[in-house]
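Only one chain is given next, in structure tokens, and it is the form predicted on its own.
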């Protein structure tokens, strides 16, 4: 298809976004399991090489980024992680030469109909690029069709469309890409944090199994699905027998998770040895119930989350959370911005731009905390 901004022409070139991330032209990592990395992995941000490439492309086409209009759709402003993401995204776009007045970020309020209307409004306004964190990943095909028809390049973030949808982008050579981390890896890291403790510490009721409670995010969200599946799979891959006591949907919400974990502790008592939460907000809620029940993380129960929110990192340092997984909003937001720049300048992108999570325990919590504060 034609580039979205047809007035820009560039020589044929291949751009690989580094951004502390791996990129793939395959469109999806759904068929491959994530490779584990050390929990003391060095935290990375956007590569200066990627920034230089984008700057060179902009210079070669004399594009004035300050005049480019960017529409950003976030599924829900109240989400802790997406708040960090959108704030860093706007800051980075401005640092690359965009005018803050031309960057509009809207709240989908966790309602797909609301977000769809917002996307239609951006199309009517004639934005130069759209960055979308979909309320429902299953709506991606409808969103893509609308945006492609309007000849506007599209960068999906954080919530990955399925493999069939991503294959359409490649098959049709559309200006559509996904920027984010592989949720399988985050679940694997959660499970590895627990498995590394060893059965002697985990099997407190001596039944030969790891008895756990799972608190899921939005059940339609692929991140929630993979974190739920792969956290348990990592235990099994380590040779540990598991026993699911309870599996409830917390919808990423701290208060909901607090009540669900309180219920589970009331029903199963000291048999609950591990609580897995698909994100840190829910883990913080779980911690409140654990403490209210007179249990002590690290002594008679273990707790893990995902995102590496500041409060969660402080709990990991204090030993009141066993661990978390750093969902690197710096690398992801910077990569999303670079992808938008590449589309505007005509350089183009691969259809999948991936980033790595980082396993966080007490050993490296301070390093991550220094970065996110």
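Numbering follows the first chain given and starts at 1. As the structure is a computational prediction, the values presented were derived from the model and not from experiment.
What comes next is about the form predicted in complex with beta-D-glucopyranose, which does not appear here.
- Stretch-level contact analysis of 161 to 169, 291 to 299, 91 to 99, 219 to 227 against beta-D-glucopyranose in the predicted bound form, using heavy atoms and a 4.5 Å limit, identifies 219 to 227.
- In the predicted bound form, at least one heavy atom of residue 252 sits within 4.5 Å of a heavy atom of beta-D-glucopyranose.
- Interface residue remark: residue 279 is counted as part of the site for beta-D-glucopyranose in the predicted bound form, having a heavy atom within 4.5 Å.
- Although the partner is absent here, residue 129 sits far enough away that none of its heavy atoms falls within 4.5 Å of beta-D-glucopyranose in the predicted bound form.
- When beta-D-glucopyranose is considered in the predicted bound form, residue 79 lines it closely, a heavy atom lying within 4.5 Å.
- Although the partner is absent from the chain shown here, none of 156, 177 and 356 has a heavy atom within 4.5 Å of beta-D-glucopyranose in the predicted bound form.
- In the predicted bound form, just one residue of 317 to 340 lies within 4.5 Å of beta-D-glucopyranose by at least one heavy atom: 327.
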